[in-house]
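This document starts with one chain, in the form predicted on its own, laid out as structure tokens.
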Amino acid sequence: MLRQAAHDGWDLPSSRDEAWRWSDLSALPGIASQRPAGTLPDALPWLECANDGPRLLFVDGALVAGRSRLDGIAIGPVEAEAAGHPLGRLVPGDGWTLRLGRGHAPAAPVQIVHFGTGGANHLAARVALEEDAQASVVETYVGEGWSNRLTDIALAKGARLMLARRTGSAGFVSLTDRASVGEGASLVVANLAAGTADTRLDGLIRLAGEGAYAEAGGALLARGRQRHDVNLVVRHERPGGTSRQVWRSVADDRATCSVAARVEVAPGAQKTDGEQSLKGLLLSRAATINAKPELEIFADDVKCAHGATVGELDRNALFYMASRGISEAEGKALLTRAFVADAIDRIGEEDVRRAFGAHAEQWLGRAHG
């Protein structure tokens, strides 16, 4: 049983802190004081993949060995550094670790389901890929309470990792990532926030090797009074690095989606190619979308660009579809699906892309039903 972090003496950030200006963490101590039910679910949202790989089920942060298949995944102390992050430092040193040797490339993704039954649970993780190794990790968050995660990623020369996450939870989910991408290595992180509670995604991705590549983004879907909050930094430390950040936010009712994305280019990181695309779609005029792209460049031979737009559905497109016999509700659904697809379709693995697309379709169907 993995131990739980203590909750006494918390020093949680407030909206007065710039990086947390759009977040509301006031409910977390109350959630943490609740007692989890600990009940195991009958059905779990595993992906149907062509090949079966490791499957890990965590209930309230504890591994359920009888319903998991480790296949090389280690459970125990984790080398993960929170770097002073106010939520990441609450995570204890126990969790799961994936280590792959040189050139190792499993045929199936690692699937992890995190199920919460109330209260707060904290879990650390580490993914360490040696030279030219490849892996895919898919995480799904369901249930209630508060799921708090800290993930440390280290990619050696030529290694490749795809990390895909989806939240369909009725509880708060907070994810803190710390990644180092080596020479010629590649990291792709895709997120789908489509639950009924708030999320907070924090990431620091260091392109620590020459010619490294990183892509991070996803779709944030919010309704009611939900808050989805992203704070992501991609730091180019060596020459020839490439990064892409693609975020699509959809907010209905009185919900709020916020993305603060920054690219940092260190002195000497010449030939850097960095792009940011932050777009928001308002389904209600009472909803809020915040987009804050930033570039901090200390090298002179770079190609960096950013863009941020927020708007409503195109009335001309809706009128055109209505003139072709398409109802207003169906037209809105089509336009919203196309908007979200910008992020979902970037997922490279077909099985994962299909599952995430179906999950987004369910949310969109409720939005326009």
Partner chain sequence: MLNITNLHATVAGKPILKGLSLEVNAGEIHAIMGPNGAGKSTLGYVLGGREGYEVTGGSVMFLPGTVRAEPVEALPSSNLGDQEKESPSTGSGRTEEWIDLLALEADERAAAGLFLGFQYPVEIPGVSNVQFLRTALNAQRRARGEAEMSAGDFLRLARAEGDALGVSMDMMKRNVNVGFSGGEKKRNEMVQMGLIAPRLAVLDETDSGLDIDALRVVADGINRIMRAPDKAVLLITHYQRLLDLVVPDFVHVLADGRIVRSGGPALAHELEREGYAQVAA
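Positions refer to the first chain, counted from 1. Model, not experiment: these values are computed from the prediction.
There is also a form predicted in complex with its partner chain; it is not shown, and the following applies to it.
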All of Ser327, Glu330 and Ala338 with a heavy atom within 4.5 Å of its partner chain in the model of the complex: yes
Stretch in contact, per heavy atom within 4.5 angstroms of its partner chain in the model of the complex, of 309 to 317, 26 to 34, 52 to 60, 65 to 73: 309 to 317
Its partner chain contact in the model of the complex: Met321, any heavy atom under 4.5 Å: yes
4.5 angstroms heavy atom contact with its partner chain in the model of the complex for Leu44: no
Partner proximity in the model of the complex: Leu40 to its partner chain, non-hydrogen atom cutoff 4.5 Å: no
In the model of the complex, residues of 142 to 162 near its partner chain [heavy atom within 4.5 Å]: none
